[in-house]
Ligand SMILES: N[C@@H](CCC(=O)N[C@@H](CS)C(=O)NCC(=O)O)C(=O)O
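One chain comes next, on its own, written out as C-alpha cells in the form predicted alone.
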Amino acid sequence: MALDREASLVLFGRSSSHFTRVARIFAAEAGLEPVLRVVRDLRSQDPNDYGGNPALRIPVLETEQGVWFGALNVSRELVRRAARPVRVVWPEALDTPLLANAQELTLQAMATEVWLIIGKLGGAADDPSRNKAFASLRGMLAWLDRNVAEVLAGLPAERDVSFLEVALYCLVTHLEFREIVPTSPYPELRKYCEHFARRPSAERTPYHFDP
C-alpha cells in the first residue's frame, strides 16, 4: 500500500539547530512540512524527549512506519516521500579524497560546534579541552574555505542538491547565529552561503530560537 507522503510526519528538533535545519531544508526540497516538535532542553537525559533516540540527539523523524534517527536518515526518508524526484548526491557517492574529506570535515565541524554549545550550557566554559576543540574547528573551516570551490566543481552536475551542500550551508550560517566563531576569515565559505541562501528551501528555514 502506498504511503501518505505527509501523514503523521513529526520532526523532533529545534529551529536553532543546524542538524535540524539540514532535515528541514530537505523537507522543503521534497515539498513536505513535517510538524516540528521542539526539544526544549538539550541537557535532558530522557530518550523520550528526543523521539526515542537513545543517543539523545536531534533530529528524529516520526512516521507511520517508525522513527528515523539523525539528519542523514531523516533526509533520505523525506526525499523518498517527495512528490517529484529530487536528485540528491548522498555521501556514499563522494568517491574522491577531496569530496569525501569535505563531507567528513563538515559533519565533524557540526559535531564539534554542538560539543562547544552543550559544554557552555553545562558550565564547562573553562574546560581546557575547549581550546583544542576551537583549534580543531578553525582548522576544519580553513581547510573547507581553501577547497570549497574545487569541491563544488567536483560534485556531479546532474543534481538538484547534495547532502554536503546543505550541511555546509547549515554549518557556516549556524556559526554566526550562535556566535561560536566569526566567519569573516573564511570568505569563500561566506560567498558559498550567500549563493545557497537564495534557494527557497533556505529562505523558508531561517534559524531562530523557539518560543
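In case it trips you up, residue 1 is the first one in the sequence shown, and so on. Computed from a prediction, not measured in an experiment: that's the story for all the values here.
Below: the form predicted in complex with this ligand, not depicted.
Problem set entry | Interface residue in the model of the complex among L56, V38, I180, V148, criterion: non-hydrogen atom within 4.5 angstroms of this ligand | Contact with this ligand in the model of the complex is made by L56 alone.
Exercise. Of the options L98, A135, A83, I118, which one has a non-hydrogen atom that comes within 4.5 Å of this ligand in the model of the complex?
Worked result: Flagged contact: I118.
Exercise. This ligand isn't shown here, but in the model of the complex, which of 58-66, 164-172, 140-148, 27-35 has heavy atoms within 4.5 Å of it?
Worked result: Flagged stretch: 58-66.
For this session: Examine F19 and determine whether its closest non-hydrogen atom to this ligand in the model of the complex is within 4.5 angstroms.
Result: Yes, F19 is a contact residue.
For this session: Determine whether any heavy atom of L78 comes within 4.5 Å of a heavy atom of this ligand in the model of the complex, and answer yes or no.
Result: L78 lies outside the contact set for this ligand.
Exercise. Would P47 sit within 4.5 Å of this ligand in the model of the complex, counting heavy atoms only?
Worked result: Answer no; every heavy atom of P47 is more than 4.5 Å from this ligand in the model of the complex.
For this session: Answer with yes or no whether L42 is in contact with this ligand in the model of the complex, where contact means some heavy atom within 4.5 Å.
Result: L42: yes, in contact with this ligand in the model of the complex.
Exercise. Using a 4.5 Å cut-off on heavy atoms, which residues of 59-80 contact this ligand in the model of the complex?
Worked result: P59, G70, A71, in sequence order.
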